[in-house]
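Given as structure tokens, the chain that follows is alone and in the form predicted on its own.
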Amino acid sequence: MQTLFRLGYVAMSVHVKNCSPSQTMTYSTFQKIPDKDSAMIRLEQIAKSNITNSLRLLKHNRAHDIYFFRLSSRLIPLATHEDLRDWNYISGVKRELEELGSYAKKHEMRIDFHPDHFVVLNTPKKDVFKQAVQTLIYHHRLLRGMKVDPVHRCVIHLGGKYGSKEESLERFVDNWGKIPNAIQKMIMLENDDKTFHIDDVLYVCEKLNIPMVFDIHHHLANQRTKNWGNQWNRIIKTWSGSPRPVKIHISSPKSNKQFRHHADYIDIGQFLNFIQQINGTVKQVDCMIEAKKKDDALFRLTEELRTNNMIKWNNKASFYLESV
């Protein structure tokens, strides 16, 4: 079996100008607009622009055979703000969301989200947990608005340590039962670079039947044992019930001093070493590039890979690695 490696990138392009999908408005600015109806119209205008720009990015991606993309979580400003609970934020952007989802489906693009770090499901604070669930519901509504199947579209971390790592792990398991089933089905879990390593995430993923997104950079920064290869079969088994291919995160350390920070580009040697170890273990692996230079990091990586005669291209952004 040969593994198809498909490359994707995160949220924004450095090549497509004036195309931010994350334009925003603070609540302070919102309050300064005297007429509330005018303020709401302005919010909707920003949201429409963000979603339209996301569609522009998908069209840019298709031109370069990029069929894997992480959408910005900031498509609709203030959507989950507690003072705007009565706002039906989907209704005003219904057409734009449907157009975005229709394009992704038509061209068989995998799109997903990675909510911000404040979405923590193992928090001991009820208000923080409630806000985290509301943020996940917001992502679910976006996907439903796009008419895209929400299953396994949202990556989160296990959360904080809160004094006791073991208690926090069990609190995640306990809090999981308080989340709507539709939201549960949307979630994937990722190992982080400070607290919860591969073994911790696998414990929860196997217990709750959640796919695990393996981040090699985070593993290098936070590990129980260096050899992640011993756990790879367990990681891919967490995807056995998923309609999506196995997903991984790829990034490189900015420097030895700033090891946890993402570099502008991907270290090709590190990347090749990684994919050589997993080649042939599964039919497809979607590699999300988390690099400061966004799509330019993807383009540079493909340029460097083209000098390697072991790489056989499927299209401009996906390839097979021939066995030695």
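The first residue of the shown sequence is 1; numbering continues from there. Quick caveat: nothing in here was measured; it's all calculated off a predicted structure.
Unshown form predicted in complex with the DNA; subsequent notes refer to it.
J.: I'd like to know if Thr123 sits close to the DNA in the model of the complex, meaning any non-hydrogen atom pair within 4.5 angstroms.
T.: Answer yes; at least one heavy atom of Thr123 falls within 4.5 Å of the DNA in the model of the complex.
J.: When the contact criterion is heavy atoms within 4.5 Å, does Ser28 count as touching the DNA in the model of the complex?
T.: Result yes; Ser28 sits at the interface with the DNA in the model of the complex.
J.: Against the DNA in the model of the complex, would His117 count as a contact residue? Criterion: heavy atoms within 4.5 Å.
T.: The answer is yes: His117 has a heavy atom within 4.5 Å of the DNA.
J.: Does the DNA get within 4.5 angstroms of any non-hydrogen atom of Gly160 in the model of the complex?
T.: Flag for Gly160 set to yes.
J.: Going by heavy atoms within 4.5 Å, which of 267 to 275, 281 to 289, 28 to 36, 59 to 67 lines up against the DNA in the model of the complex?
T.: Only one stretch qualifies here: 28 to 36.
J.: Quick one: of Val151, Ile137, Val128, Leu202, which gets a non-hydrogen atom within 4.5 angstroms of the DNA in the model of the complex?
T.: Going through each option in turn, the one that passes is Val128.
J.: Kindly indicate whether Arg110, Leu301 and Asn309 are, all three, within 4.5 angstroms of the DNA in the model of the complex, using heavy atoms.
T.: So, no: the whole triplet misses the DNA.
J.: Can you list, in sequence order, the residues from 1 to 22 that come within 4.5 Å of the DNA in the model of the complex, counting heavy atoms only?
T.: The stretch touches the partner through Met12, Ser20, Ser22.
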